[in-house]
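The chain below stands alone and is given as C-alpha cells, in the form predicted alone.
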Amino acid sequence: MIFNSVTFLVFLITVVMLYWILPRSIRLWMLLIANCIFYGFWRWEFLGVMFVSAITDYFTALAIENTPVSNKRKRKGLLFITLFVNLGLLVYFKYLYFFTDSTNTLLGAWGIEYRLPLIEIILPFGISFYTFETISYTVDVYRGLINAEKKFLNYGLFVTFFPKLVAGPIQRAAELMPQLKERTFFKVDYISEGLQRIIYGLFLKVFLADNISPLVDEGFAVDPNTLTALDVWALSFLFGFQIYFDFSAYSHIAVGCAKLMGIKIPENFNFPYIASSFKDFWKRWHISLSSWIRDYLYLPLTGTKVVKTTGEGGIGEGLERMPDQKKKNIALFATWAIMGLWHGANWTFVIWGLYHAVFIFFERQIKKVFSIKGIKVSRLLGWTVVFPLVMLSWIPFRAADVSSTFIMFSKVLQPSSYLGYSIKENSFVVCVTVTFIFLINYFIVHNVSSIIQRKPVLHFFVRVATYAVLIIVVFTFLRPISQFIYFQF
C-alpha cells in the first residue's frame, strides 16, 4: 500500500477514526492489525521476516536487562544474537545476490572457471529501516539507556507503526514507544496539522518529483559517452531535486499521518541544499539515518563510548572529542562505505558513500588550518562550493553501473566537454526553474512567513489559499502507480 493511492486514503481515514474512538486495550490491537494490513497489502509472507526480527530483539533485550552488568560475556553474547539475526536477514535478502555476483566476477578475473549459483531474491519493503530500528532498541537496552519493554504488543507497535514502516524516518524506541502506549487527548489541531503535512507531501511527490522523473529517466538512459559536461550537470541537479522532493514527500506524509493520531515522529529533512558544508548537509538530509549511523556505527568504530543517543542529525557530531586521528579517519571511510552499501547492493552506492567521505575528510583538514590561522568562511561562500558538489554526488547514486559513473564524472573534468548538449532543452529549463523554486521557498519560509504570521487575518487567508491550490494540484496530478524512490532501499 503506497501513500499516493486512494486505497491508502480509505485505510488512513478508517484507522484514524478507530484510533480516537476505541478504548485503549482495543485500540492498541487495532493499530497492530492495521500496521500488518498496511505492510501485508504488498506481500503477506514478508510479515514473517519482520516479526522474526522483532521477536528476536524483544526476547534478547529482556535477557540482556535481566543479566548483571558484571556478566559482560553473556551480555555481549546476547547482543551478538541480535546482530547476527538482524544483519543475517538483511544480508540474505538484500546482499546475497550482490556478493555472489561480485565473487563470480572476481573469480573470472583470476581465470577461475568455477561460478557460485545466483539466486534471485525479492527484497522485502522497508527491511533496511525496521532492521536498524530493532537493532538500535536492543543496543540501547545493552548500553543501559532505556529499559526493555515487557509487553510485546507495545514493542510490536513500535516496530510496525505504519507511517514510518517502509521508508522511515528511522525511529528510536525512546521517542516513539511511550507515545504509542499512552494516547493523548484529542485535539482538532492534530487533524488540521496532519492534513496540511500530508497535502504538502503529496504535492512534492505528484507534482514536482513525478514530473521531473521522466526527464531523469530519459537522460540516464542515454549512452553516457554521448553526454556533454552540461548534460551531466543538468542530470545531477534534476535527479538531486527529484530524490529530495520524492523522499521528503514521504517523510512529510509520514509525519502528517502520525500527527493525525497525536503522535510525533522526527523531521527527516531541513532544507539540505542550503548547507554550507558536507557535515551541515548531513545534519539536514535524512536526519534519522545520519544520526543512527553516528550513534550505532561511527562512534563505536572510533572507540568512543556512547552514553547518550539523540535523533538529531549530523554524522560528524562530537568529532572534536576523539583524540585518535587515525582511528577517526578509518572509521570515517568505513562508515561511509557501509552507508553507501546500505542504500543499495551495487558498487555505485559505495562510490557515492566514499565520495561524501572524501569531502568530509578534506573539510576537517581545511577546518583545522583555518582555525589555526583564524580564518572564517562565510556560509554563502561555503554554499556556492558545496551545493554543486553535493548535486554531483547523485551521479553514482542514479547511474546504471560503475563504468557509466566514471564516464559521467570524467565529462565534468574535461573542458572540451562543455560544448553543446545532448539531452532535451527543457531539461535545462526545468533544472534552473526548480533550483529557483527551492531557493525562493527557503527564503519565504525563513523570512516572509514570520512577517505574515504576525498578522492573523492575512495569515489565515494565505494558508487557506495556499492549501486550496495544493489540493487542486494534487488531485490533478495524482498517479497511484508511482512509487517512492526509497521503497527500493
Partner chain sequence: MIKKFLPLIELVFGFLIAFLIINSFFNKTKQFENFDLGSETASFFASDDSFPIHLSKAGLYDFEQLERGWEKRGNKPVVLILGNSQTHAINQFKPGEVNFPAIMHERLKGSGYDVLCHSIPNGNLQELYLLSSYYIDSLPIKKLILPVFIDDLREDGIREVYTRVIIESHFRINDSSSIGTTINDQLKSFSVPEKQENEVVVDNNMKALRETVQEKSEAYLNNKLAANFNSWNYRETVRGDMFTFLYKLRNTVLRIDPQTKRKVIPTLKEKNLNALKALCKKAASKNIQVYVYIPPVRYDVSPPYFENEYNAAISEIQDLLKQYPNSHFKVMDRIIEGKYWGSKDPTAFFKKREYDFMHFQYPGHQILADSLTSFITL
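Positions refer to the first chain, counted from 1. Computed from a predicted model, the values in this text were never measured in an experiment.
Another form, the form predicted together with the partner chain, is not on view; read the next lines as being about it.
Proximity to the partner chain in the model of the complex, defined as a heavy atom within 4.5 Å, singles out one entry of Glu218, Glu182, Asp324, Asp401, which is Glu218. Checked against the partner chain in the model of the complex, the candidates Ile407, Leu230, Val85, Leu195 yield a single residue with a heavy atom inside 4.5 Å, and that residue is Leu195. Considering the partner chain in the model of the complex, the lone stretch of 425-433, 48-56, 439-447, 65-73 in range is 425-433 [heavy atom distance within 4.5 Å].
Not displayed here, the partner chain is approached by Asn211 to within 4.5 Å at the level of heavy atoms in the model of the complex. Taking the partner from elsewhere, Thr476 is found to have a heavy atom lying within 4.5 Å of the partner chain in the model of the complex. Proximity of Thr226 to the partner chain in the model of the complex: non-hydrogen atoms within 4.5 Å are present. Contact check for Ile471: a non-hydrogen atom falls within 4.5 Å of the partner chain in the model of the complex.
The three residues Val10, Val222 and Tyr421 all sit with a heavy atom within 4.5 Å of the partner chain in the model of the complex.
In the model of the complex, the partner chain lies within 4.5 angstroms of at least one heavy atom of each of the following residues of 166-201: Val188, Asp189, Ile191, Ser192, Leu195, Gln196, Ile199, in sequence order.
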